[in-house]
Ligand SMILES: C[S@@+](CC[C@H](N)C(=O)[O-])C[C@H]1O[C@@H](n2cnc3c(N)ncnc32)[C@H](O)[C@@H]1O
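Okay, so here's just one chain, in structure tokens, the form predicted on its own.
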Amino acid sequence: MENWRLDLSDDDFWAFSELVFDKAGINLHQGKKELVRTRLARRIREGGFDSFKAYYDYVIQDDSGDELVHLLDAISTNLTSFFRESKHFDFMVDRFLPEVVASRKKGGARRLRIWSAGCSTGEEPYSIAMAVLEALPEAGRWDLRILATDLSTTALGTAWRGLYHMDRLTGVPPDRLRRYFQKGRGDWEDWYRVKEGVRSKVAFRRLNLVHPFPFKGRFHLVFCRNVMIYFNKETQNRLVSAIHQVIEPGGYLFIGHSESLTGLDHRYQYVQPTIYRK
């Protein structure tokens, strides 16, 4: 394919930008033009399209919606790591879980629900599961479920498999690596798979956060980190309000280190930077 055919005009960029915002709430400003060009070029080559315009036309005319999913997969950023932003895990172990245990001693059911919203390739929900299994007394007697959702089907495929190259495990201490991962052999020697005891605690689902949530249950803790940075203020307001409705009274919301609820219309109690309580 000729290089000139991969040029992304301003008109085409804004067409994609409006489509992505309408379907996923992701705000692609002018500074993201090169990112869009790079992310979509591969999809255009694979599909044999002549131009960005031809690809755009195909996406909006695809009644199945399958190609829109592929487009959003390509645009979505999936940067993550195990035990990323460790202060959240410290808070979870040192404060959140002791509060949960104390409340159950007063007669509550041993039930714990956590949501990883924007779970990417799975490192976050698996890290949550490991930390909870280590810190929760008699963890095996608890009804622990972690819902992990993301917009990207590609990222969710990796997450569901729970298979990671050793380069992705730099944040996992050796003792956790031995306890929670199976090391591959032969051609898979540099790969590790999350053990079933951890994977069984996590349910992966595709979810677009700008759409109404399809579940009615409530969560004791929600991780929604480094997600709102891709949304404008109006979408952020809707999202934090929707999450508030599915958090148990007294439950917590964790957001990313570069995010804040300052300036948003919300009903959370500020606890400390990036940590809020209902």
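Values in this document were obtained by computation on a predicted structure and should not be read as measured data. In case it trips you up, residue 1 is the first one in the sequence shown, and so on.
The same protein also has a form predicted together with this ligand, omitted here; what follows describes it.
Mapping the unseen interface onto this chain, residue 230 counts among the residues with a heavy atom inside 4.5 Å of this ligand in the predicted bound form. Using a 4.5 angstroms limit between non-hydrogen atoms, residue 41 is distant from this ligand in the predicted bound form. Interface residue remark: residue 182 is not counted as part of the site for this ligand in the predicted bound form, having no heavy atom within 4.5 Å. Interface membership of residue 54, defined by any non-hydrogen atom within 4.5 Å of this ligand in the predicted bound form, is ruled out. With the partner omitted here, the stretch from 186 to 194, 143 to 151, 127 to 135, 159 to 167 that lies within 4.5 Å of this ligand by heavy atoms in the predicted bound form is 143 to 151.
Counting a residue when any of its non-hydrogen atoms is within 4.5 Å of this ligand in the predicted bound form, the hits in 195 to 232 run 207, 208, 209, 210, 225, 226, 227, 230, 231.
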